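As structure tokens, the next two blocks hold two forms of the same chain, structure 1 and structure 2.
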Structure 1
Amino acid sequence: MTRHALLLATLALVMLGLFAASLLIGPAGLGVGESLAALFRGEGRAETLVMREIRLPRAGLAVFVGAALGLSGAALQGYLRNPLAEPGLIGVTGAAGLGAVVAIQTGLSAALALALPGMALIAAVLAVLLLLGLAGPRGGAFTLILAGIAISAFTSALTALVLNLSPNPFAATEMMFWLMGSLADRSMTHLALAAPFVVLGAAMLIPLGRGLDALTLGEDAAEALGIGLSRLRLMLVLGVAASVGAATAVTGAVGFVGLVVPHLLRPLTGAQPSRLLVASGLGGAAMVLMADIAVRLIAPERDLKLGVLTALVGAPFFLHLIWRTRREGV
């Protein structure tokens, strides 16, 4: 337990450090003292706007989005007992993006701000239900990935269709954002829309730890231990949909975070899914913060997409996982 507490404390510290770094890095080139004075004491009108209205929501969103993806990945992997489960790969992110695009293009989100995360959430719920229906509750690696590919392809085709039919001249280039994700120029409005849903989702997912631990023994054993499997499943679906849906609605699809982070942390938490949940949430936040800092350092004027970096790290990792899975004959 102390070792686990130490791990969580370390991850939280790393996350806080990256959060601070994220606040201090940006194209405006403010000094550290200047930045902090503007952030905390509101010194300098333009500096205060930059710190409070541009950088703070950006760093805050990175934390919430990363936490949502890391936590959801860990929960899905625990429930499906499958190391390949990840919100992006199994189509939840794509569906949430579709919901968000529909909300924006129909003007619903302009009329009612909550329609943006709301539609994304509904689409994400449908995708998770469809996935669980197709792959079955045990979710064998093969059927899970196939179902996920089908859902991803379908939702990205529908997203492209909606954008193609849009009267907006910028709609065609929006695909890039929805496929790759970006935190550039997001505002407090977006943070306020996404954060409550991410917190709600986390509140549903974190208590599932005990049930996920019991599930590692098999479904019968879990039921014998008094775990209500249908309730567990419902909470998982809603928790993943709420957190990933809201995160995707404002930042687009950031891939591979939910896959890589639980895997990196699993050796440090032992084989217990319950311990992995919070750790993955913190780790996911750190990874997205890191990626977003890298985006600004590598090409500050190019609006490099966040998903480009996470995929550059994540895809080789994914291939390695498949290789190992095949060797072990899972």
Structure 2
Amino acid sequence: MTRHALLLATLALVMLGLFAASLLIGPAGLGVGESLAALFRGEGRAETLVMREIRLPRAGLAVFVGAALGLSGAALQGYLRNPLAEPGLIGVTGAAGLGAVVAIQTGLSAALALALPGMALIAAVLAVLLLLGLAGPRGGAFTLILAGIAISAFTSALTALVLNLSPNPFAATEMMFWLMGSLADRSMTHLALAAPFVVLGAAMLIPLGRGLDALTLGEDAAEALGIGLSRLRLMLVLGVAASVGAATAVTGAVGFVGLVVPHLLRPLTGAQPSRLLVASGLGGAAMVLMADIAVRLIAPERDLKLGVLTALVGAPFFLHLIWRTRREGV
């Protein structure tokens, strides 16, 4: 077994172990035997409800959301050749957040169960179309970054405006809690909504590995090797948008996963973008599972939000990464 295969196998085993732990840990106080019997054999009405309708979709969403963020972060860092890049850079996260708060403000989320994630997903799609229009068919990485920053700033401003003008304090509170990011109170319906888009995004991003490897030599060298940069950029934007847009639509904003995970795994993959993609997907799933377990253990009675915890861990890491990059550049 090669070193890379061993890394992937280790990450997969860690993810599966954390997935099992996520199914077994919770405030219901079920034993391991009770949990497994309820999950697989449906023994006990209340226990079965807890396992199949609460813990299973929560753990499943953690896997898909984490994989989407980790994979998208690795792909963006490879394309931009910048270890500080992360999935929110192209504005999809902010747009999905705007769609969600509009759904809450207008009352659609109260009337229809899927209105909130549906509106968030629609807003993410519109942001991608705007991004591609602003960047143009031949725009480079710098143009893509500027367009993404502009969209992110604009959607953040509109989100703040909706919060500011909301006459209903309960709706404003719900918006704030949603924007913090969480896997709590999610159902199999949310999982069924997000999973196809995450899989579609992964199917677009993983084959880009060869092109991302070539880009490490520069754009001119990549084109000389037969890489179509316009097509690569289009598939990258669409793949990140599908994955991150769907993840944000069902969980809210969960930051720093796409930044931290690729950076931690890069030395173990020989800094080769094609090898980092799948590894970051597995690592992202493991990190979100771990964080979601932590929020249940740290303050179960206070409903600590997943996005708050990942930000508390990721922000200092981001500052450390900036400091180290600055020192290496001097």
Partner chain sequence: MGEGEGRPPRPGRRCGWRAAAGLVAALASAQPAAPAGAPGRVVSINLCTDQLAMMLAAPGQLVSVSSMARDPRMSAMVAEAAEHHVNHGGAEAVFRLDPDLVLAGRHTTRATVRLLRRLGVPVEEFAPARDFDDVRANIARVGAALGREGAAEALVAEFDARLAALRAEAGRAPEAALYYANSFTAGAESLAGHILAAAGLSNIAPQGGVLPLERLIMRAPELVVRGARYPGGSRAEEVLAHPALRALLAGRPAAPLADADWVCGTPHLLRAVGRLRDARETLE
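Everything numeric here is computed off the predicted structure, so don't read it as measured data. The term rigid core refers to the maximal set of C-alpha atoms that superpose within 1.5 Å between the two forms. By convention here, residues take numbers in order along the sequence of structure 1, the first being 1.
By the stated condition, namely the form predicted in complex with its partner chain, the first structure is the one that fits.
Assignment of C-alpha atoms to the better-fitting superposition places Ile227 and Leu84 within a single rigid part for the change between the two structures. The smaller of the two rigid parts, set against the larger, turns by 25° between the two structures. Note on Ala153: its Cα is shifted 3.8 Å between the two structures, core used for superposition.
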